[in-house]
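One chain comes next, on its own, written as structure tokens: the form predicted on its own.
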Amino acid sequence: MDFYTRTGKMALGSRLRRLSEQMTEQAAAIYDLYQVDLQPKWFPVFYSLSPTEGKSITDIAREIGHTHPSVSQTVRELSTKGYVIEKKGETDGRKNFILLSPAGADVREKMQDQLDDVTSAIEKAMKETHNDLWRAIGEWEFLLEQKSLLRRVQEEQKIRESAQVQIIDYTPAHQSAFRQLNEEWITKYFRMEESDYKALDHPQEYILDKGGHIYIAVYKDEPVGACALIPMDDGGFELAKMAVSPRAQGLGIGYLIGQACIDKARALGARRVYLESNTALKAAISLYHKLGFRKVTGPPSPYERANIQMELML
């Protein structure tokens, strides 16, 4: 138990497997006690069957929550033991149905006292504990059906890694990263245009000196994202030149840097934030909706690639 105390929740699966192995080992001894010639691993399949109503392998697997191959293997072993029989379907001769054989039905009847005693023993054992293990297992099964453990760990990984992302003000030292990050995604889907070169090659002149702002996202001391706020004639700002490195996607950087720009625009007294994009960029459009932007119709865009305009009223 010292090992599990040291490792904590990380060893949940290993600890459950250890408990399962203990239960299985003791279950085998209990079958011997009642002189029932059955292996513990066969029980779910065996107990789901009856002498009168046949079930397909698929039906059994679905009912007991086991895989089709594992149920097939158990059925083969039970068949070798003489406890089950297979019958062809009456309407579909290609489909086999599994039933308890007379020998299997005898075992089922013989083990009734064992089932009653085991149930009683477990119920009494549970009264000696502070927690209801049976109910807790049911709760965990339900939780993992709603969201797998893998997905839950992925979410925690994202939270931890996202906390390491810093959103900082642009400096001249970031100019090459600002250009590279944007050029990378633009050339992947479209082509660089004259307005791109102006803003990316001369951000001081075309963005900052005009009252704009640029944020850089830094992860592990590396610039991995960028976004600019460009002043508009109506007093609002255009959200532009948002880019996230493919190496850092999945950390929520787009949302973090986009929200930083929105907060900056609000602090500067802007009434709205406007942007232009392309509907082929589904992840980007989804992000903009998440940030609160909605589709609008505005004046023609200077960019060939732009086919959607969106705004956020502040």
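Worth saying up front: this structure is predicted, and the values here are computed from it rather than measured. Throughout, we count residues from 1 along the sequence that is shown.
The next section is about a form of this same protein that is not shown, the form predicted together with another copy of the chain.
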Looking in the model of the complex, is another copy of the chain within 4.5 Å of a heavy atom from each of T58, Y255 and A280?
no
Thinking of another copy of the chain in the model of the complex, which stretch from 236 to 244, 173 to 181, 137 to 145, 98 to 106 has heavy atoms inside 4.5 Å of it?
137 to 145
Going by a heavy atom distance of 4.5 Å, is D169 a contact of another copy of the chain in the model of the complex?
no
When the contact criterion is heavy atoms within 4.5 Å, does S286 count as touching another copy of the chain in the model of the complex?
no
Although another copy of the chain is absent from this view, report whether D201 comes within 4.5 Å of it in the model of the complex, heavy atoms only.
no
With the cut-off set at 4.5 Å between non-hydrogen atoms, does I30 touch another copy of the chain in the model of the complex?
yes
Let me know the one among M192, A163, L150, M232 whose heavy atoms come within 4.5 Å of another copy of the chain in the model of the complex, would you?
L150
Within 31 to 60, the residues that have a heavy atom no more than 4.5 Å from another copy of the chain in the model of the complex
Y31, L33, Y34, F43, P44, Y47, S48
